[in-house]
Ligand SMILES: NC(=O)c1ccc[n+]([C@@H]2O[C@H](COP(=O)([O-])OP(=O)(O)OC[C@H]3O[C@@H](n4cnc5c(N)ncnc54)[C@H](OP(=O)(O)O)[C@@H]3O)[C@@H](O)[C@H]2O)c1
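Here's a solo chain for you in structure tokens, the form predicted alone.
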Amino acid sequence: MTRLSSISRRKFLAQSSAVAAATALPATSFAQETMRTRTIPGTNEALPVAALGSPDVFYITPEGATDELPKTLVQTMYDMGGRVIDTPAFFRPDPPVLGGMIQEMGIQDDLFLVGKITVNGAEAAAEHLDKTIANLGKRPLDLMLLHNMRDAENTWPVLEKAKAEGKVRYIGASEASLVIGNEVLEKFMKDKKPDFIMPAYSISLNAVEDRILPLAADMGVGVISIESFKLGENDGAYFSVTADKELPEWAAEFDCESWAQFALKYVLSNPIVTCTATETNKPHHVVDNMRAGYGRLPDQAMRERMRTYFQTLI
């Protein structure tokens, strides 16, 4: 079993390369000094609750740029206690630059790395999986998903075989397109019994609360949620609603310092969510997002208050 090392918030503030970014945010004395973790169902392996997604700079280094920015993003997450990265899928012809970068940093074995199959057909899926493992420099890979349950009839057996052969530790599926209904994901879960699912889940995009998340809890399926800032079909549109608005004073009751944390703490306060991943190309946003994993979380009554309040802003 892979054990993920942790770092305290105090150590981060004292030693991290992200100190400058952190000081741009309000200082809060949290009761909890390390990032929260949650156990993967059916195991004794715990993951930090705040994870990092993959911005464009994890795919390719822009012309004339260096790898300083993507390395800073990863290092900031790491220094804040994050260990989970939803790595780039092979949407582009060349392998993502993230793999070589984390190997150069020497931290790939400290991370919980998530890959995705984004091609059709068993043969192409097997090749894609092997390329992903080679790119990330980690075998067994921690988690491999079928992106939006792509061609599941042909590609899911590839993942089952890879797990049996020890190429990957966990397998599952993502579903964040809004084109695939929750009933399709529900049937997939019942039929295929994945280790993890990766659904879109936000304070406004919360239909998964009705059936998908309870089913995950009943089946012992891990949940890595994404698109916490999604509103309608637009990822990030949440901030167009909250821009120039003050946080309600009662947000301090669950150690919330920003609108980003307001959204993330809503998601994380659902105990069925193992962790939530966000992507950004700004280090200070990584700090802000990671801090959602510290301090208190809303209880059920507060969750209802948050959701009702947010609806008044739309």
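Note that residue numbering begins at 1 and tracks the sequence as displayed. Treat the numbers as computed from the prediction; the structure is a model and nothing was measured.
One more form of this protein should be noted, the form predicted in complex with this ligand, which is absent from this view; the next part is about it.
Q: Decide yes or no: are D235, A277 and N289 jointly within 4.5 Å of this ligand in the predicted bound form, with each residue judged by its heavy atoms?
A: Checked in the predicted bound form: all three residues contact this ligand.
Q: This ligand isn't shown here, but in the predicted bound form which of A125, L205, M189, I226 has a heavy atom within 4.5 Å of it?
A: By the 4.5 Å heavy-atom cutoff, the listed residue in contact is I226.
Q: Heavy atom within 4.5 Å of this ligand in the predicted bound form: which of V57, A260, A251, L47?
A: Selected option: A260.
Q: Please run the contact check for G53 against this ligand in the predicted bound form: heavy atoms, 4.5 angstroms, yes or no?
A: Yes, contact at 4.5 Å.
Q: Is K116 close enough to this ligand in the predicted bound form to count, meaning some heavy atom within 4.5 Å?
A: K116 belongs to the contact set for this ligand.
Q: Indicate whether this ligand has at least one heavy atom within 4.5 Å of a heavy atom of R38 in the predicted bound form.
A: Flag for R38 set to no.
Q: Indicate whether S174 is a 4.5 Å heavy atom neighbour of this ligand in the predicted bound form.
A: Yes - in the predicted bound form, heavy atoms of S174 and this ligand come within 4.5 Å of each other.
Q: Only one of 143-151, 97-105, 208-216, 164-172 has heavy atoms within 4.5 Å of this ligand in the predicted bound form; I'd like to know which.
A: That would be stretch 143-151.
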